[in-house]
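Okay, so here's just one chain, in C-alpha cells, the form predicted on its own.
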C-alpha cells in the first residue's frame, strides 16, 4: 500500500468517525463540552498538520549538510571545461 493510500484511509477513518459523532449517528449523547470541542476538531487538525509541516521544513533547512567533496569536484570540472573552451577559442 502506498503512503498516499495510507493517508487517505486514515483521513477517511477519522472523517467518518468525526461525522458519526457530530451528527449523532451512533446514538451517543455527548456532553455539550465534548460537542464544543468536536465541531472545530478538523480545523485544529489542519492547523496542527501545517505547523508540523513548517517545522519539519525549517528543521531540514537548518540542518542541511553541504557536500564539500562534490563542490570541489564540480569546481574542477568547471575549470577543465573552461580550459577546453579557451583552447577552442572562446574567451571568458
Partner chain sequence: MATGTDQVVGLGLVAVSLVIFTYYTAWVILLPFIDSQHVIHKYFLPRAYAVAIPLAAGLLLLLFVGVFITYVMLKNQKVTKKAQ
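Just so you know, these numbers come straight off a predicted model, no measurement behind them. We call the rigid core the largest set of C-alpha positions that still match within 1.5 Å between the two forms. Residue numbers count along the first chain shown, from 1.
Absent from the display: the form predicted in complex with the partner chain. The rest refers to it.
Peer 1: Do residue 69 and the partner chain share at least one heavy atom pair within 4.5 Å in the model of the complex?
Peer 2: Output for residue 69 is no: heavy atoms all beyond 4.5 Å of the partner chain.
Peer 1: For residue 37, is any heavy atom within 4.5 Å of the partner chain in the model of the complex, or not?
Peer 2: Yes, contact at 4.5 Å.
Peer 1: In the model of the complex, is there a heavy atom of the partner chain that lies within 4.5 Å of any heavy atom of residue 54, even though the partner is absent here?
Peer 2: Contact with the partner chain, yes.
Peer 1: Just to confirm, residue 61 within 4.5 Å of the partner chain in the model of the complex by heavy atoms?
Peer 2: Yes.
Peer 1: Hey, which residues along 21-48 are within 4.5 angstroms of the partner chain in the model of the complex, non-hydrogen atoms only?
Peer 2: Those in contact are 33, 36, 37, 39, 40, 43, 44, 47, 48.
Peer 1: Relative to the superposed rigid core, does the CA atom of residue 14 travel 2 Å or more between this form and the one not shown?
Peer 2: Residue 14: C-alpha displaced by less than 2 Å between this form and the one not shown.
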